[in-house]
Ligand SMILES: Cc1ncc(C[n+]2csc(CCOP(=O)(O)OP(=O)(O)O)c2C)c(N)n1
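Given as structure tokens, the chain that follows is alone and in the form predicted alone.
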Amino acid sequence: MLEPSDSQQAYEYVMAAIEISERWKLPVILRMTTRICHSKTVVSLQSFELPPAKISYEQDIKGRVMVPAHARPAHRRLRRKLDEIAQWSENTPLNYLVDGDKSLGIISSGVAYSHAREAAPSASFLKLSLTYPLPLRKIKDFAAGVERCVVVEEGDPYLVESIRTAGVPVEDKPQMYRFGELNVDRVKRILAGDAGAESSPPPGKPPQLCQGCPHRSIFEVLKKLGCIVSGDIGCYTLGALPPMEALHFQTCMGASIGVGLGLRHVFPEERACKVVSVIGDSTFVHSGITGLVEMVYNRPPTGHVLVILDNGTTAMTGLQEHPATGRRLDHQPTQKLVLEDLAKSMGISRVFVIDPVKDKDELERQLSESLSLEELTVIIARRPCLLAAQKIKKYEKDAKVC
């Protein structure tokens, strides 16, 4: 696992991760925390020399088919690789020392290192960028060379517990600093051993669905009808926040249908018939289709209602295409997955496509009727995302020209 401390390292460590992965044939995690992702700093571009790609196939059944007989020796190989990487991490420039006052030594990683450098510029530092496996010998030598050694890290004490387990005495932050992000002032308090009450942060503006977003109409109807809504991951998850407060469950990508079905199976009938699953078009294609299969295969006694919020894009993460838009990631046309045809092909007869803004009354009528029936219903609420609508028109116009 690699942890960058700023935009430059985030850029450089991608290549470092690839090199480590290629060398040891292992996956590498590039751990990006909130402040690294949401900050901008100047990045100096570099010329990375990539070896020519070798496209070949070598049969390795024992390494690629993890039946028990293969998995046991594979586990031993994994441990040997991790031991090798741990030895390599002792000398890699990814983990480096910053000389300073020996009265205070700070071990840190990620953005916490940047905060600590500003909070205590004269201290000695051990900056850990390769945080798994750890360079324990380097850590022991550093801790032995300073009078006081403090670990500054965000979140739960992964580094502290790993270092202490290796027998190295280091100071941890007070438990109150496990919660929320660190900043320079909080790091100063940690170094001072200050566990007193912190001042409350200024109130921020909570995120909301865009004004005019087609999802707003859907959640207004769901709330009006008193639905128990099993939601999913996407910008529509904001339907859980005020003023809507009309999305009641959200677990992981694609789980809305399965959770909704579970509620339908266990709730008493008068409550079960109010359960609705809501999922976006991109999320449905990504990992919701199997839930639709389960909806047909393991049908609750009251039936179920699924609402697919089809805004024609992957809105939350940057307006990317997906198989149901009919365009590849470069926006060029390709075979389109038609959601209503997919639902009908599974044997669901009640499939409706409704514009939730233009035909809001029809949406309410159809949803109300569907909740009163003991049948399976799929309602596709189709209207382009406001942020993508003009782009979609252009892509479709360009496709016709071609």
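Quick note: we count residues from 1 along the sequence shown, nothing fancier. Computed from a predicted structure; not experimentally measured.
From this point on, the text means the form predicted together with the named molecule, which you will not see here.
When the named molecule is considered in the predicted complex, T317 lines it closely, a heavy atom lying within 4.5 Å. Contact annotation for E153: none of its heavy atoms lies within 4.5 Å of the named molecule in the predicted complex. Taking the partner from the other structure, the named molecule in the predicted complex has a heavy atom within 4.5 Å of a heavy atom of M253. Contact check for H215: a non-hydrogen atom falls within 4.5 Å of the named molecule in the predicted complex. Between 74-82, 280-288, 111-119, 241-249, the stretch whose residues reach within 4.5 angstroms of the named molecule in the predicted complex through a non-hydrogen atom is 280-288. Interface residue among V168, L130, V146, I233 relative to the named molecule in the predicted complex, by the heavy atom within 4.5 Å criterion: I233.
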